[in-house]
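First comes one chain, alone, set out as structure tokens in the form predicted alone.
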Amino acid sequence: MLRFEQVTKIYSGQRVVDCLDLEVKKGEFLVLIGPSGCGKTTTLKMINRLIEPSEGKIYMNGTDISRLDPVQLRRQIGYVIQQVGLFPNMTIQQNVDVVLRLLKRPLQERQERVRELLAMVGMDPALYAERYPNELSGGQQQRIGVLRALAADPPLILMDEPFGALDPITRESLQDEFKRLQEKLHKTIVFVTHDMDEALKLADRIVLMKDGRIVQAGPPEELLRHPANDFVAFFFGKKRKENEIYLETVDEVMNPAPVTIRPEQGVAEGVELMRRRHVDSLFVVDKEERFLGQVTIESLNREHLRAHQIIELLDTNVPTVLAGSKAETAFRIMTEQRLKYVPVVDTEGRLVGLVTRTSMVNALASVVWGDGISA
């Protein structure tokens, strides 16, 4: 998909990127990481020719990009930045379809594409398409930035610290959401970050840079287990000391059988199910077991005379974590939002388990005292 051959960028005699040889495969999620000034953002910007190399060649699908018209090249590449860069005087519809308009796509096609994309990230097109950026939260604005990059269905997406300005909870949520999107869409992505946890969570392959050169490139597990030198070991070891005890993934600490109910079932059935299973919350799923939200004992008690079906009491504003995520992610969400539990979903949005406070206590006890703690 992408190939760098001896690519160098020189500013005032300094080699910011120095003889870079790198290949990015089709469908790969490649993360560039390294200390400030290592050349990662410069490398990214040379791909869409916002910065031109001083030496060397970059090829996209076998074509030397220096031979392509820069504007036409950029229309083939999605680009997401930390500052989002939405046009404040345009609606969400207009912000998302801006590249499609430049490509002179028909109005109906553009509208359908925007509706499809908004629905993909759980933003109702009827509610959001005609709003303006200042009417959205920071996380919602960043979602729109990602959707704009996806709108023309480009084969390549560049992302420069896209979630860096967000609060930790929103950032975790968007990382999970984007990981699900990538597993569905299989785009080729080059992603710049300074956040080690973000790199480990998202990357198929990590490229660690220093002084404009690649120090080591490989899957996250390889860099953690087999650092090429002391710099790699130190860089990863700042958060992961050799003797650190790891908490399990959410899959290992979750309850794999949460109590579920369908949205069309009756409220009386819900009350009876709670009584029978000795729980104070029910998790609502559709026929494919996709997670829709929750119903609590408080809402049932408050609205049981008015409501007839579970869907009438459905709370959809429920944080989730992706299966395979670190248990620490779920624990952080629970503690920061003072939640009793966090549902675990797979890449298709199906409910596969539940991390509870009991899960957290047992996992932390295991870390402190060993594996001999019983549930």
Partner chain sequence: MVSVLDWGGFIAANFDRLLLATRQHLSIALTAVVLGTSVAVPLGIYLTRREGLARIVLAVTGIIQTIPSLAFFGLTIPFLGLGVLPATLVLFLYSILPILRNTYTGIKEVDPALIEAGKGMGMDSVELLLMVELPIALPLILAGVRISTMYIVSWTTVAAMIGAGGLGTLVLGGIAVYDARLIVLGVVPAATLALLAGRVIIWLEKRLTPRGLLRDGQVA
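These figures come from a predicted structure and were not determined experimentally. Residue numbers count along the first chain shown, from 1.
FYI, the form predicted together with the partner chain isn't displayed, but the following is about it.
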- [ ] With heavy atoms only and a cut-off of 4.5 Å, decide whether S137 touches the partner chain in the model of the complex.
- [x] no
TODO: Using a 4.5 Å heavy atom cut-off, state whether M90 contacts the partner chain in the model of the complex.
DONE: yes
Open item on the list: Quick check on K45: any heavy atom within 4.5 Å of the partner chain in the model of the complex?
Closed with: yes
TODO: Answer with yes or no whether F231 is in contact with the partner chain in the model of the complex, where contact means some heavy atom within 4.5 Å.
DONE: no
TODO: Look at the stretches 283-291, 174-182, 112-120, 82-90 and give the one with heavy atoms within 4.5 Å of the partner chain in the model of the complex.
DONE: 82-90
Open item on the list: Counting any non-hydrogen atom inside 4.5 Å, which residue from L102, I169, V259, A165 sits next to the partner chain in the model of the complex?
Closed with: L102
Open item on the list: Counting any non-hydrogen atom inside 4.5 Å, which residue from I77, M274, M196, A217 sits next to the partner chain in the model of the complex?
Closed with: I77
TODO: Any residue of 49-74 with a heavy atom within 4.5 Å of the partner chain in the model of the complex counts; write them all down in order.
DONE: L50, V71, R74
